[in-house]
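Next up is one chain by itself, shown in structure tokens, the form predicted alone.
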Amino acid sequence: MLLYIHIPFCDSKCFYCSFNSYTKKHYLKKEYIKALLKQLDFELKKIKKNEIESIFIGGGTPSTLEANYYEEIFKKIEPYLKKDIEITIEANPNSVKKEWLRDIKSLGLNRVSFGVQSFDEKKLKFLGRAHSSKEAISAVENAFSVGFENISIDLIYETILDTKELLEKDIKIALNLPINHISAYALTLEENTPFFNRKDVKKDDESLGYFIAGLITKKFPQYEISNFGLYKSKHNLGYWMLKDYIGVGAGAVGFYKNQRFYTQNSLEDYIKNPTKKEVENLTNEDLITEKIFLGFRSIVGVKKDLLNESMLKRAQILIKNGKIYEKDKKLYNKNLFLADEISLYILQ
């Protein structure tokens, strides 16, 4: 069982961000945490002790909350945690201080993921980021100095500003930092964001994904389309294996067996009734489709016994053409960037 905790508060809203986050509702922090604890009480009744194997605290910007806000959360969930649990928290370089990192680590968190996006000052401003390159470097170094062994950073590419020279410089700086994981995402233009419908923000150049992957994999193996690491996140892998997970917080998503659960997006509505959720029932065909897409986009792979006869025939064609390979009754993708095309071909 995995646990996702959503913290929807941000100091500023980036121009590409479509996540459920708010910059002007910080006055609701205390009420929000009370509601989140109520939902946790409700959810934890359904599971056994020592069952949670990973936690991811995302947002929003979790580092906008003082460390003491997390104390009660961890008191409540402590009996349910496995001994070797991975606990990740997202942080932005402009809102994280060394003392906060030290306090967070003392609560048991052992992995931190920084929203860096770039080390280029012009690109940071273009994206609407609130930090500088210097602050990003300092944040990573501070996390390492207080004892975090597992540190990740996010990077964005395919902006209109990106050149191979800029990206090479970004990766060089990143790989010289005390990190063991990079998530590199192509810019996507989401609805209800300042970037949506603008034609002067994104560079549609698929070669940049291959270029940036080639640079990162010199040090960090690729284990999913956008993820590279000497350390592979248990939480990330859990999602791609389609493991059950609890989602708490406004706009969080949960998954159990054949159902997906959606909490309320509105902060005010969530605070009033944190256990109210919409339920999506998934058919067996839905689950097979998800397992195929997730398996081929990562090193998880796809079990052969998931495929029907016609799917297996198409899989054999892909094997003959060197696109995928078989090992221990599972199918694996040789080129993760072609995951969607391979999945759609098999599922047709």
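As the structure is a prediction and not an experimental result, all values here were calculated from the model. For every residue, the number given is its place in the sequence shown, counted from 1.
The next section is about a form of this same protein that is not shown, the form predicted in complex with a small molecule.
Engineer: Which one, 129, 111, 234, 181, lies within 4.5 Å of the small molecule in the predicted complex by heavy atoms?
Structural biologist: Checking each option against the small molecule in the predicted complex, the one that comes within 4.5 Å is 129.
Engineer: Note which of 247, 115, 229, 274 lies within 4.5 Å of the small molecule in the predicted complex, where distance is taken over heavy atoms; exactly one does.
Structural biologist: Selected option: 115.
Engineer: Answer yes or no: in the predicted complex, does the small molecule come within 4.5 Å of a heavy atom in every one of 53, 86 and 150?
Structural biologist: The answer is no: none of the three residues contacts the partner (heavy atom, 4.5 Å cut-off).
Engineer: Within 4.5 Å, heavy atoms only, one stretch in 184-192, 211-219, 252-260, 69-77 touches the small molecule in the predicted complex. Which?
Structural biologist: Comparing against the small molecule in the predicted complex, the contact stretch is 184-192.
Engineer: Hey, in the predicted complex, does residue 124 get a heavy atom within 4.5 angstroms of the small molecule?
Structural biologist: Residue-level check for residue 124: no, no contact with the small molecule.
Engineer: Verify the contact flag for residue 60: yes if a non-hydrogen atom of it lies within 4.5 Å of a non-hydrogen atom of the small molecule in the predicted complex, no if not.
Structural biologist: Contact with the small molecule, yes.
Engineer: Can you tell me if residue 135 lies within 4.5 angstroms of the small molecule in the predicted complex, counting non-hydrogen atoms only?
Structural biologist: Answer no; every heavy atom of residue 135 is more than 4.5 Å from the small molecule in the predicted complex.
Engineer: Do residue 162 and the small molecule come within 4.5 Å of each other in the predicted complex, heavy atoms counted?
Structural biologist: Outside the cut-off, so no.
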